[in-house]
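In structure tokens, the next block holds one chain alone, the form predicted on its own.
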């Protein structure tokens, strides 16, 4: 039986990604999360992504739609299925696995 082909990299190339980062103001942790997300997207997704930053201090009702319980939280809206990663996104391997850009080791 053949092992399944790793299609994660091909998937990243073929699809447009919509990533929503929930933060609460311009805190150190929020700024680190955004910087880490931008770096990962530039390296792995090239120009096939859009980052939406939602500041829950300005729009707290928006947290209910994605069931946000902690911040910062990254929500992968597209491609489906929806995925969530909580924290400042400093553990790149965890983020890549969480976004399905790298298989679980």
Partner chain sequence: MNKKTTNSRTTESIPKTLSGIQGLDEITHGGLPTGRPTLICGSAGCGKTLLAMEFLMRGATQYGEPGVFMAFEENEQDLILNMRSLGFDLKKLIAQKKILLDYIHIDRQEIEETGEYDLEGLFIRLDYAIKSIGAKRVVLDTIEALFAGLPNEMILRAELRRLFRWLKDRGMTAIITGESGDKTLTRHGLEEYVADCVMTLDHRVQNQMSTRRLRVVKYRGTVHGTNEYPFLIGEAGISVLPVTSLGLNHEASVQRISSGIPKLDEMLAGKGYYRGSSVLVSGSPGVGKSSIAAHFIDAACRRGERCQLFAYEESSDQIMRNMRSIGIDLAPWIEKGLLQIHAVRPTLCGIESHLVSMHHKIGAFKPSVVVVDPISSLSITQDEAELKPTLMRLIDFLKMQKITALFTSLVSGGMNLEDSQVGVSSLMDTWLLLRNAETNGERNRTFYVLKSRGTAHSNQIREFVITNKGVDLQEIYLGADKTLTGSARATQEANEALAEQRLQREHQRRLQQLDRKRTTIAAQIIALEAEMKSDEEEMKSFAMQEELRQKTLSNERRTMSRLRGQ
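Residue numbers count along the first chain shown, from 1. For clarity, every value in this text was computed on a predicted model and none was experimentally measured.
Not on display, but discussed next: the form predicted in complex with its partner chain.
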is_contact(residue 67, its partner chain) in the predicted bound form, heavy atom dist at most 4.5 Å = yes
Could you tell me if residue 53 has a non-hydrogen atom within 4.5 Å of its partner chain in the predicted bound form?
-> no
Its partner chain contact in the predicted bound form: residue 21, any heavy atom under 4.5 Å = no
Quick one: is residue 29 in contact with its partner chain in the predicted bound form, heavy atoms, 4.5 Å cut-off?
-> yes
Does its partner chain come within 4.5 Å of a heavy atom in each of 57, 63 and 84 in the predicted bound form?
-> yes
